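The data below hold one chain only, encoded as structure tokens and taken in the form predicted alone.
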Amino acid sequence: MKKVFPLLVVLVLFYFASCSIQSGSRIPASEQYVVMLSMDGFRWDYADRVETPYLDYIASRGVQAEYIKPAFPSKTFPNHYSMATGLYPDNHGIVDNNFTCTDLGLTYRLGDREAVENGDFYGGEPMWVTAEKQGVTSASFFWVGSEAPVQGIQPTYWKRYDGRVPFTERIDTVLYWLQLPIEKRPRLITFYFQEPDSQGHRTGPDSPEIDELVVQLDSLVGLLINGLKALDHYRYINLIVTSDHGMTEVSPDRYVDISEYTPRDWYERSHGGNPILHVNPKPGMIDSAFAILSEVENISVWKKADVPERLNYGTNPRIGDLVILADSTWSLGWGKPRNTYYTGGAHGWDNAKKDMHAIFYAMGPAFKINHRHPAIEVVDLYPLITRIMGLKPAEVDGKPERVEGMLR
């Protein structure tokens, strides 16, 4: 017994020493890194349908939230910029993927390079601007807003979007950035995959193609984790894997043609895109258009000032005088539906709809281990990350109290 007891003491001391190191208690916020990957359109339940050992690895060694709730409208550009700024689209100005910007006399379109790189469109303070202002180097490999100077500032390292760049190359670049000399190395990195969103649009969220793709994406997360583990400073790195919105099935059989009820020439402007339209009726026509559209089945219509408060939407001048939203799984537009367009999957609906919810996983020195967390919102990512890194945050809509329970 005398020979065994000292060995047990050593093992116990080693265990608690290991826990202390893992807990991050010896790593100040000023030395911690955050690497955040967004996989576009990764619905909250996709990982439950197939084997995802690497996402499971993150959950077992860190945090998995029940889901992350998108901002309204549940679309890519508004939500990625909400993730970056902690603001709802109403407050940061990217109110849809495409919109008329009357305050600038310009139109914003996600495929318009000149618009995307015009910093005048972007309000708020993205997390990389917060970091750079406070002397922290940042990097972004494709993130909404990072291609434009916001407040005259961009990440130290950034890339112009090109969807043809292989995901493995994006991972390799992130790992390269993390191997730079410490005086050049970014401590905040955001990067982006356009899948499984693209596949979801093509084949729908319940297709076997989605299941196959989720397995592939999980293996890429594994490639990233193994690359991070090979770094000398791995224990300083917090990894977040999340998404902007979910996906739901659509069909041309569930479609509302707005022009059947009000002629398009009643409106000065119409922008946005399925399942939400912003319309500006001509002078004197708003009440008539509203009255007629309010009676149409399978859509909701609101005057701008009357959009439900829970959607945090309706005060920005870039939002139409009338906001028309299709019911869940329904589509809307002008003219007869094109079968090739209104098939597969889509998103953009009421953010309370379960199909619009997405994933959130995180691990690293700032996070609890094997912790299951209640739902959070995309606007909570900014206060979460600035707190982890010890940065003084800008004023945001995100709530620190929704995320503080996942931190050690």
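Small disclaimer: the values here were computed from a predicted structure and weren't measured. Numbering starts at 1 and follows the sequence shown.
There is another form of the same protein, the form predicted together with adenosine monophosphate (AMP); it is not shown, and what comes next is about it.
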item	value
Complete contact of His233, Tyr236 and Thr386 with adenosine monophosphate (AMP) in the predicted complex (any heavy atom, 4.5 Å)	no
4.5 Å heavy atom contact, His201 to adenosine monophosphate (AMP) in the predicted complex	yes
4.5 Å heavy atom contact, Lys75 and adenosine monophosphate (AMP) in the predicted complex	yes
Ile210, heavy atom within 4.5 angstroms of adenosine monophosphate (AMP) in the predicted complex	no
Close approach of Asp40 to adenosine monophosphate (AMP) in the predicted complex, 4.5 Å, heavy atom	yes
One stretch from 85-93, 144-152, 308-316, 287-295 that, in the predicted complex, holds residues within 4.5 Å of adenosine monophosphate (AMP) by heavy atom	144-152
Heavy atom within 4.5 Å of adenosine monophosphate (AMP) in the predicted complex - residue from Ser300, Gln194, Gln179, Ser259	Gln194
Contact residue in the predicted complex, from Tyr161, Trp158, Trp266, Trp334 (heavy atom within 4.5 Å of adenosine monophosphate (AMP))	Tyr161
Partner contacts in the predicted complex for 101-115 (non-hydrogen atom within 4.5 angstroms of adenosine monophosphate (AMP))	Leu110, Arg113
